[in-house]
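One chain comes next, on its own, written out as structure tokens in the form predicted on its own.
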């Protein structure tokens, strides 16, 4: 059965009334804040990262401070597992590693009756609801329906940037990782996500894997991918800055796109799959600002 555009419009309206009234606007694109944007230069290309101080302020603040110091320049990606993560950081227990203060978890936050987000799915495997908040994939769990309170957290979709840690909860410092494979959602809520790749994901995917399959020679550490330079975009010479706009996940255009994707309205789908939509299966668009 085909879903008409009119029906999609009705669904979008209902979705917005119930989940995003405070966020809705008609701007399709959002310009990134250059002071919270990172330019990562790898040997094979450049990557732009949007940081999320609104969700993980202490992690973002410490990360930016380390970036300004040139802390990560020359550091290698020393734990890169195909289909999982690409992790970088100084040698463990080195003086450089020990010089960075430990961070307390910022893996989730409490919400009140004024909090809103663009809802994508009910009864997700790992949460009551999933959706988007300011272009970041989020999960949400109500704690008191009558009072409108709850708990929310960022989700481990491909391309997110998170801080690694030891076994103890509050033991993160400087080691970070990108998700490069299927979404490891079982890490949601126990790790701190503080950013996401918005440009150059193909270069993240091209980072040298450090794990060899059984029977192959171990990967020589001299072949590990090293960070050439990492800079806050405002510190990059203007001629070399990369300015990005990202899809506004609170816009009516985005809501319509969600519904089309949920119901697979394209004629290619001669047989319709169930109307289930994983929040990590919605690629967010970005574009260069000329």
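Everything numeric in this text was worked out from a predicted model, so none of it was measured. Numbering follows the first chain given and starts at 1.
Only in words, not in the display: the form predicted together with a further copy of the same chain, which the text now covers.
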Is there any non-hydrogen atom of residue 146 lying within 4.5 Å of a further copy of the same chain in the predicted complex? no
Does residue 142 make contact with a further copy of the same chain in the predicted complex, using a 4.5 Å heavy atom cut-off? no
My question is simply whether residue 199 lines the interface with a further copy of the same chain in the predicted complex - judged by any non-hydrogen atom within 4.5 Å. yes
In the predicted complex, does residue 257 have a heavy atom within 4.5 Å of a further copy of the same chain? no
Out of the stretches listed (69 to 77, 93 to 101, 111 to 119, 191 to 199), which one is close to a further copy of the same chain in the predicted complex, meaning heavy atoms within 4.5 Å? 191 to 199
Taking only heavy atoms into account, state which residues of 206 to 234 are within 4.5 Å of a further copy of the same chain in the predicted complex, ordered by sequence. 206, 209, 213, 214, 215, 216
